[in-house]
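Below you'll find only one chain, the form predicted on its own, shown as structure tokens.
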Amino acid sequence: MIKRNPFSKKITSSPVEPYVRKIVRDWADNVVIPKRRLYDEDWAEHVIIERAITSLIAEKGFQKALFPAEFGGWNLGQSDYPATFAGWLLEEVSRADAGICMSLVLCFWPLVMITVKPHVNRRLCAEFAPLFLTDKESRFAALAMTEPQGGCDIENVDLLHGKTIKTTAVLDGDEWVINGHKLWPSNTGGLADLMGVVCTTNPGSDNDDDIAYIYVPSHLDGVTQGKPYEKAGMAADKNSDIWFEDVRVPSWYRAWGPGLDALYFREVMALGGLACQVCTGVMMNVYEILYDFCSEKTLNGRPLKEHDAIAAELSEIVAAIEVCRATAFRLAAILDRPDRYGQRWSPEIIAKARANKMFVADRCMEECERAMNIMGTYGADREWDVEKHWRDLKIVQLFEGGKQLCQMESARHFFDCATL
């Protein structure tokens, strides 16, 4: 592959960006990209995939990133640019493989509730940080949210207020007793070491006070992870079922308590908008592949890129990447400045995050298809990797409630819709 990517230059104000980008870029080029065509066959065992993940999140220390420095972490959650940092980290990782990117971000996502200012639960940080501080083994967290009967209804907090949650948490003395079934959390299928579980303390209630976010270590009695599902793409991101049968955890494993759990869970949903950078990272690599293809393949004795019709299509792809990256990093900047734009858990910020994710995912999906059309049959050939990126992008487009929830939450806020 031609080592040319004008999109990888420093574009934000984070002082550590160029150094971390280089670390991740070297890892991507040397560890992941040469072997990623093997990942589809490794979806169940994760022999090759976990070696690649361990070399990034454990050996290079990224699994420590969110925890405060006093507990041995990188203190990212206390910095002034956690979303921007996460954004270009996700971009560089997804350039190599979107599935590994999702596995990484799902190690962060469940921990946001207790590690990111202005809300840091130091007691829980002290409890769970040691699990992630090793540089020998990768540790995985999972956000246990989606359920079989309602899918991503749980994310629609401002309309449903948790009334469809079936996983229950009952306080018995100084312990929570958890029962329920979660479906499709990333980093399950036997991977998850720690789970952030969205529960209800009063089934059927639409009172935010009854939404509970409780941490559950996976080794406890009553926790069962199913076998991973084989998906169209993202083989490096394991998804499965989790069953909780009379699982007991200390009462203080609840992140914050009545009202605040629901409030900060909304923030977790807003931060899900950083999936924009998963899409733009994929497209950065599609650009690299397309550059090689259109430089090497010829028509009537000239490289494909020297023909007007092809060049016009290539320009559309470049324009989309430029605009989508600008959109994605603007969203990250908004998420990093609640003092200027409003709290991350506000309906306005959630609506902006949903709208951005919808736009970027849709546009990158379209441009990946355009790249496949330019390449013709080669676009569907596994040897060129574009079809893999296309399959991965489709899954990014579908998760977190898919396009529909993005549409409803955006319309609800911007047009004052009363019933969506």
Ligand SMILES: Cc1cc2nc3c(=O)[nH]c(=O)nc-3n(C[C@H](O)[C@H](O)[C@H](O)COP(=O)(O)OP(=O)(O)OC[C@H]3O[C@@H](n4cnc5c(N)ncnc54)[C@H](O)[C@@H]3O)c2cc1C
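Start at 1 with the first residue shown and count on from there. Not measured: the values here are computed from a predicted model.
Not pictured, yet referred to below: the form predicted in complex with this ligand.
Taking a 4.5 Å heavy atom cutoff to this ligand in the predicted complex, the contact residue among 146, 218, 201, 84 is 146. Note on the partner interface in the predicted complex: the residue among 192, 212, 234, 101 having a heavy atom within 4.5 angstroms of this ligand is 234. At the 4.5 Å threshold, heavy atoms of residue 48 stay clear of this ligand in the predicted complex, well away from it. Using a 4.5 angstroms limit between non-hydrogen atoms, residue 268 is distant from this ligand in the predicted complex. Looking at residue 162, you'd find every heavy atom of it more than 4.5 angstroms from this ligand in the predicted complex. Residue contact with this ligand in the predicted complex: residue 336 places no heavy atom within 4.5 Å of it.
Shown alone, this chain has one stretch from 284-292, 150-158, 297-305, 114-122 that lies within 4.5 Å of this ligand in the predicted complex by heavy atoms: 150-158. Counting a residue when any of its non-hydrogen atoms is within 4.5 Å of this ligand in the predicted complex, the hits in 169-190 run 183, 184, 185, 186.
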